[in-house]
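Encoded as structure tokens, the following chain is the form predicted on its own, with no partner shown.
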Amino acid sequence: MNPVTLEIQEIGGSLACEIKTLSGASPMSCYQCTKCSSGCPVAGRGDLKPHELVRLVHMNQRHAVLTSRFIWECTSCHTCVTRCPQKVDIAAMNDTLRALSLSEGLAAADIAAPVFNEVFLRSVRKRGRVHELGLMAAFKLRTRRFLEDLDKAPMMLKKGKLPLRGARVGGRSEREKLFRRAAHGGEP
């Protein structure tokens, strides 16, 4: 028996089309059964549940979607996709929504994920890998969350998890080419 995928055509708008084009995920296939939300490990933490986010996309509520905390709190565990009878890839949608939120300057200032992503990628770009101590120092300075997790530092230092000097990997020019290519959507 072949599964059938339904796609809602009438509601949508430019946001649903944009998400489908950029992510490959089809938000208009969602018929709001809420199975994604009932299995989502972060649904209780966010301002929205996965099915509510998709519904806002259906209703073309761009500002509400791009300012949502949920798009940043999603761990991309794919539980929603696994549970969805329509296989709507909310994790892929969230990747696209994060990028749109950043490009339009709509990510809330108190959300740390964009800062962490930027600091992480800068470390990888520069060194070829992450220098954990440098990453955490830069993250703490940028977010001004100086005392969060401070109690974990002695144990991590003792176990060698935060080396004072981080390793470097060769091939910096190749990495620069990869980062430039990624910035241009994969085009050489």
Partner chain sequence: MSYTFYPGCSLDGTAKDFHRSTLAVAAKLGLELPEIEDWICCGSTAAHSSDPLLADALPAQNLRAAGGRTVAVACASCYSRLKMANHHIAGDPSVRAEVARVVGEDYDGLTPVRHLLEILGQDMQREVAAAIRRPLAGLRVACYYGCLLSRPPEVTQFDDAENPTLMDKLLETAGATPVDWPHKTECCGASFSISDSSIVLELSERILSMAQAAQVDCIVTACPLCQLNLDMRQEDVEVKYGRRYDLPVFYFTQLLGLAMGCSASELSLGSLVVEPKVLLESKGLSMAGARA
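Predicted model, so just to flag it, every value in this text is computed and none were measured. Residue numbers count along the first chain shown, from 1.
Although it is not shown, the form predicted together with the partner chain is what the next lines describe.
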Thinking of the partner chain in the predicted bound form, which stretch from 60-68, 47-55, 26-34, 146-154 has heavy atoms inside 4.5 Å of it? 146-154
Are any of the heavy atoms in residue 178 no more than 4.5 Å from a heavy atom of the partner chain in the predicted bound form? yes
So, residue 106 and the partner chain: in the predicted bound form, are they within 4.5 Å at any heavy atom pair? no
Touches the partner chain in the predicted bound form: residue 129 (any heavy atom, 4.5 Å): yes
Using 4.5 Å between non-hydrogen atoms, is residue 86 touching the partner chain in the predicted bound form? no
Going through 157-176 from first to last, which residues have a non-hydrogen atom within 4.5 Å of the partner chain in the predicted bound form? 158, 159, 160, 161, 162, 163, 169, 175
